[in-house]
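Below sits a lone chain in structure tokens, taken as the form predicted on its own.
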């Protein structure tokens, strides 16, 4: 192909800030030649488009979609490692791994993320407090560089570029292949304990005192609750079920795994069905539906890890204007700042039905990795909410003054100044990136907007 395809309108999962780029399917065999066709605005690889803002967009440039097959993944059962193409999704990989008794080391709230995207965003899940982010478990990366060559990277081989690629938002090169550590599991079920917390102090105390006893832990917070109920939550903690914990039909097929989309939102939703009234009703019902305390409930992997994936195209519920996902980190010891953020959101009536609180453990060496010891709060708000930008920028100051930061894979609103404050090793990352890509081949809307590209 000597001519780029016409521009295609692209957005993130939040469906805001669209831009047009030449979208080109590629394979590992032709991606280097395809990247040579990039115009002045450069090239970028896009996974499945689940970053919420503009991380996988490159207005006026080239955006490539790298093909991959989980059927070609190579599983080393003795080493607990799998080597897999960067374009393969966690969804497809799990369909191969789970029946063979293994699980990915980290999964976010959706399984529709590619391995390359997981590395570029250094994704985290419910187990960061004990097992870190995705980057902790990457053993090797084959990276396509700007000059068309391929570099083999690991924590001990070109480690500076390896760690710059972990969390580097796709701006150091293209992940062609990676070897990652995987967990052995006995079954495709999870064993889950659920508890209600009646206010913010209660949930923070329960998580501080008890998360270490569980591999996975996450709290849903009712942002519509105020006053003495501020921060009321549902805490869900668990682990992979062992064979002797199974009951009923699960005994006959302990590793059965066939996730499904139960219902899909139609393409045209003229207005957002997510608003203060609908979320207030939903949150009240959701909170009261949860048990005061329930132990050892068996759930499937999709139920526990990826409940929203059961609803196809759920982002359409927010209507044509889309939504903003806001994710922050507040260090341990700065719980007053976390409370101020939650109080401000609650007082605003922020209509968020996906509001999640987790505890982070140790950071890894990546300069742009988001997780570090502290609390992370995530929420979705309709983009049409009045005064949203002003409110979020006010919250940014609270977060940054507390020594926190924002997750770039979710961001669609913050500023270069906020990123520079939140990521004190930004200049170090930029130096490594510029050495690997001196002419700026790899670009994105996010990279330009947040001043990552110099």
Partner chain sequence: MQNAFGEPQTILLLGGTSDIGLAIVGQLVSPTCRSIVLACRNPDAAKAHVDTLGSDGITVTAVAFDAEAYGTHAELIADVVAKVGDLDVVVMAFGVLGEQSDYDNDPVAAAKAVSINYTGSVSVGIAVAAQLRQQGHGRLVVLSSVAGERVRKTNFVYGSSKAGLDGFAQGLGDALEGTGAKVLIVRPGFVHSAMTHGMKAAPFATTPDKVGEAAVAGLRRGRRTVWAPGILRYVFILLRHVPGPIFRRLPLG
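Numbering follows the first chain given and starts at 1. Remember, it's a predicted structure, so these values are computed and weren't measured experimentally.
Here the subject shifts to the form predicted together with its partner chain, a form of this protein not shown in this document.
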Are any of the heavy atoms in residue 17 no more than 4.5 Å from a heavy atom of its partner chain in the predicted complex?
yes
Does any part of residue 419 reach within 4.5 Å of its partner chain in the predicted complex? Heavy atoms only, please.
no
Please tell me whether any heavy atom belonging to residue 383 falls inside 4.5 Å of a heavy atom of its partner chain, as the geometry stands in the predicted complex.
yes
Flag residue 393 as yes or no: does it have a non-hydrogen atom within 4.5 angstroms of any non-hydrogen atom of its partner chain in the predicted complex?
yes
Contact with its partner chain in the predicted complex, heavy atom within 4.5 Å, among 426, 398, 26, 388 goes to 388
If contact means any heavy atom within 4.5 Å, which of 51 to 59, 400 to 408, 65 to 73, 30 to 38 contacts its partner chain in the predicted complex?
51 to 59
Counting heavy atoms only and using a 4.5 Å cut-off, do 84, 159 and 435 all touch its partner chain in the predicted complex?
no
In the predicted complex, which residues of 350 to 375 put a heavy atom within 4.5 Å of its partner chain?
none
